[in-house]
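To begin, one chain is listed below as structure tokens, in the form predicted alone.
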Amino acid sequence: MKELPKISEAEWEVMKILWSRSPQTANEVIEALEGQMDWKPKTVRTLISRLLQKNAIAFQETGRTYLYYPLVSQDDYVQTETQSFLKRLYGGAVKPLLVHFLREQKLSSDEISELKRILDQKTEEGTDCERRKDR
């Protein structure tokens, strides 16, 4: 995977708007953020400009209008940020993160059931891999 540009939390908010629907004009991004953030239009335009400089987004010019769209997927960004977080806080190990999360969070019965289902699925995947190795 190619190196993704580092983006700030504020830039992340703009990216979420563009990931939800693209391409969009700067005014459309501004309108979408109006209900979520207390930012002036100039602030949003500055964030768009920074994202362009970082090659996180690009634009398509149609007449006098610029339509902005992301150059990287949200899934790629989430994966990269997750790995970075794991490395920084837990040395890349998932187990300590999960243990901390499970001890500190209040989970509903439905959430616990879903987590059990995911772990069971992972166990089956691991068993399938072991079987293939034994062949």
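Everything numeric in this text was worked out from a predicted model, so none of it was measured. The numbering used is simple: start at 1 and walk along the sequence shown.
One more form of this protein should be noted, the form predicted in complex with another copy of the chain, which is absent from this view; the next part is about it.
A.B. asks: Taking another copy of the chain in the predicted complex as the reference, which of Leu52, Leu71, Met37, Leu98 has a non-hydrogen atom within 4.5 Å?
C.D. replies: Answer to the contact question: Leu98.
A.B. asks: Please pick out the stretch from 42-50, 56-64, 80-88, 22-30 that is in contact with another copy of the chain in the predicted complex, where contact means heavy atoms within 4.5 Å.
C.D. replies: It is the stretch 80-88.
A.B. asks: What residues in 99-117 sit within 4.5 Å of another copy of the chain in the predicted complex, counting heavy atoms only?
C.D. replies: Val99, His100, Phe101, Leu102, Arg103, Glu104, Gln105, Lys106, Leu107, Ser109, Glu111, Ile112, Glu114, Leu115, Lys116, in sequence order.
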